[in-house]
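In structure tokens, the next block holds one chain alone, the form predicted on its own.
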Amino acid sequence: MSTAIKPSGNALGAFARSAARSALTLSGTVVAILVVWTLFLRTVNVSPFVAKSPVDVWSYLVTARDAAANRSAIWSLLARTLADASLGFALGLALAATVSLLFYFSDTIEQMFVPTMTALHAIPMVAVAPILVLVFGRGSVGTAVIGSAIVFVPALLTMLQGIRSAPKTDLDMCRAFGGSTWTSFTKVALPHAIPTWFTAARITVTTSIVGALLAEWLATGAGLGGEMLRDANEFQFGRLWSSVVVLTIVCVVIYQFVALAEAIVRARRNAAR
């Protein structure tokens, strides 16, 4: 009975340690941002009208007379941006997973298309986004396509590396016992690739937000991306800096949530073993 309880305790302990590391990382990141931000403003010679300090942002969001209204406006715009980013993130990961499976079962197709995809990814999205907007429109579809285009190639290469790195001895053993290629994939390659697929999610979860901002800048004019562009044109630098700070912190939090989800899956896998 004790041996049945022990893995569960180990899994719970691993989860608790991962949660503590995530909280510590988040706190350290916020502190590092504040330190670098303060040092940067003291080093460069920029007008205080343009460059806002952490105290200015704190005042805009917390202590100013209209701070509540400021926070409400930023959060509503951020919600739209996160919704746009989630579409691009989900679509990009789904496409990357599908294509990585196709490449796994066909080396010829992989050799034909991977160099081309990598070369296309080197083209700046700022140059490609207007074409995507013309093709897919300025609505949610166009936004999702732009976001997925940024997510797709890094996620694909990372996922493919995870599948390809499965131990050859385990694959050979599976085939020696009569397993098919599909059995080798489901029983050996895919379980071995799960941590790497979480790595792909961690790498691309923040870039999907960048893709959403880019789509909002160039296409929709909605969300936090469109508002930040208007703030820069209208000299609303307090709101602009506050939006950037809030967006940065949210990106760090989302990244840590994905890392925490990865820790939960690993703990359950270890407990199952």
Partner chain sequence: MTTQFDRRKFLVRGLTLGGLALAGPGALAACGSSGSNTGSTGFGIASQRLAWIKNTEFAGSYFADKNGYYKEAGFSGADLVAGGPTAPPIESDVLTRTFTGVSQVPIVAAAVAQGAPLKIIGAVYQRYAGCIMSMTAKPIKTPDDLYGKTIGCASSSEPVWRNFLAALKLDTTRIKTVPVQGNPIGMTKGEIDGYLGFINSQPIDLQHLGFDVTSMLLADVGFPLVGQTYITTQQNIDQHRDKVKAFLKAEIRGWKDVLANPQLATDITVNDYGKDLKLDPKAMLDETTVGNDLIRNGDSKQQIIAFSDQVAAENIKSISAGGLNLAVGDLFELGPIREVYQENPTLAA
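Numbering follows the first chain given and starts at 1. Here the structure is a predicted model, which is why all the values come from computation and not from measurement.
Missing here is the form predicted together with the partner chain; even so, the following discussion is about that form.
The shortest heavy atom separation between Asp66 and the partner chain in the predicted complex exceeds 4.5 Å. Using a 4.5 Å cutoff between non-hydrogen atoms, Arg80 does not count as a contact of the partner chain in the predicted complex. Taking the partner from the other structure, the partner chain in the predicted complex has a heavy atom within 4.5 Å of a heavy atom of Cys251. The closest heavy atom approach of Thr29 to the partner chain in the predicted complex falls within 4.5 Å.
When the partner chain is considered in the predicted complex, only one residue from Arg164, Arg175, Lys187, His121 comes within 4.5 Å through any heavy atom, namely His121. Site annotation in the predicted complex: the residue of Val128, Ala73, Ile203, Ala94 reaching within 4.5 Å of the partner chain with a heavy atom is Ile203. Only one segment in the set 190 to 198, 131 to 139, 108 to 116, 81 to 89 has residues whose heavy atoms sit within 4.5 Å of the partner chain in the predicted complex; it is 131 to 139. Looking at 213 to 250, the residues that come within 4.5 Å of the partner chain in the predicted complex, counting any heavy atom, are Leu214, Glu216, Trp217, Leu218, Ala219, Thr220, Gly221, Leu229, Arg230, Asn233, Glu234, Phe235, Gln236, Phe237.
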